[in-house]
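Presented below, as structure tokens, is a lone chain in the form predicted alone.
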Amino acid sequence: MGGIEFLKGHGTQNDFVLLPDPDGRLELTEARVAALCDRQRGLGADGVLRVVRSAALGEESEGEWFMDYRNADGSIAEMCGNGVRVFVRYLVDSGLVPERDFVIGTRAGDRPVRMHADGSVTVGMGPATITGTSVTVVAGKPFSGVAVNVGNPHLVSVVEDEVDELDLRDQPDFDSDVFPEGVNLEFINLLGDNALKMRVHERGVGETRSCGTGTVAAVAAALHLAGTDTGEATVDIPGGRVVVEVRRGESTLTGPAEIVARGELDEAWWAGLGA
């Protein structure tokens, strides 16, 4: 066996291919990422997490390990809250990090993390910043929303009807002047005190079963609309439930992380995608 090592994992059914590449030797092209994430011609995933040392990429980080995250279409992304949890689970389970409290690097900055005894992970997500308002259109119906930056862009719309009834198979329209690099679109129902229900259409991916930064954005937006910037809530997504805490200048995300498989990619298949 001499192929390229991979693992498959998920955080609340937001699923990822992990590629251990400590020294940054893999040539991770858009074509290779897109093929890996394709559910017919590859392994199938919402994104790829390359596990690489920060120094190998020349990244300035307090953390030894850097999460090089790519969307399913091959595009580079700043941050992924569910991906961080799976990334952390791999580092701890594999013995690459002996501690349960440590820091990892991302394109959105360093993120403090904690691995709990039950396998769940808490991620310090940084500030959730309200940046304005905008509108998205789903199947011809406009929804106003709150723009939130969680290291990546989000637009959160509170929906009066059940979010389950929305048709998110196609890309909803949004204002490209407000979001020139695209945006993650969250649609939420307010379930009562400290509880939300959410669906999401992710930038560069489509609808997913969960989005970690999206759940943080959703709670921050709901708090903003309630006239505050501090609080905690559970967020139910199609893939499960997470807990989000938002404070002024900081937020945390806690949820499960699972590693479900490991194996090797065929080297000829990999090489063919680079041709």
Ligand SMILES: N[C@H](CCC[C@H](N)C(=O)O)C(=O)O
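Quick note: we count residues from 1 along the sequence shown, nothing fancier. All figures in this text were calculated on a predicted structure; none of them were measured in a lab.
One more form of this protein should be noted, the form predicted together with the named molecule, which is absent from this view; the next part is about it.
Taken together, the three residues 108, 113 and 251 all stay farther than 4.5 Å from the named molecule in the predicted complex, as judged by their closest heavy atom. Although the partner is absent here, residue 80 lies within 4.5 Å of the named molecule in the predicted complex, judged by heavy atoms.
Taking the partner from the other structure, the named molecule in the predicted complex has a heavy atom within 4.5 Å of a heavy atom of residue 203.
Using a 4.5 angstroms threshold between heavy atoms, residue 211 counts as touching the named molecule in the predicted complex. The named molecule is not shown here, but in the predicted complex it comes within 4.5 Å of a heavy atom of residue 71.
Residues placing heavy atoms within 4.5 Å of the named molecule in the predicted complex fall in a single listed stretch, namely 80 to 88, out of 80 to 88, 115 to 123, 161 to 169, 187 to 195.
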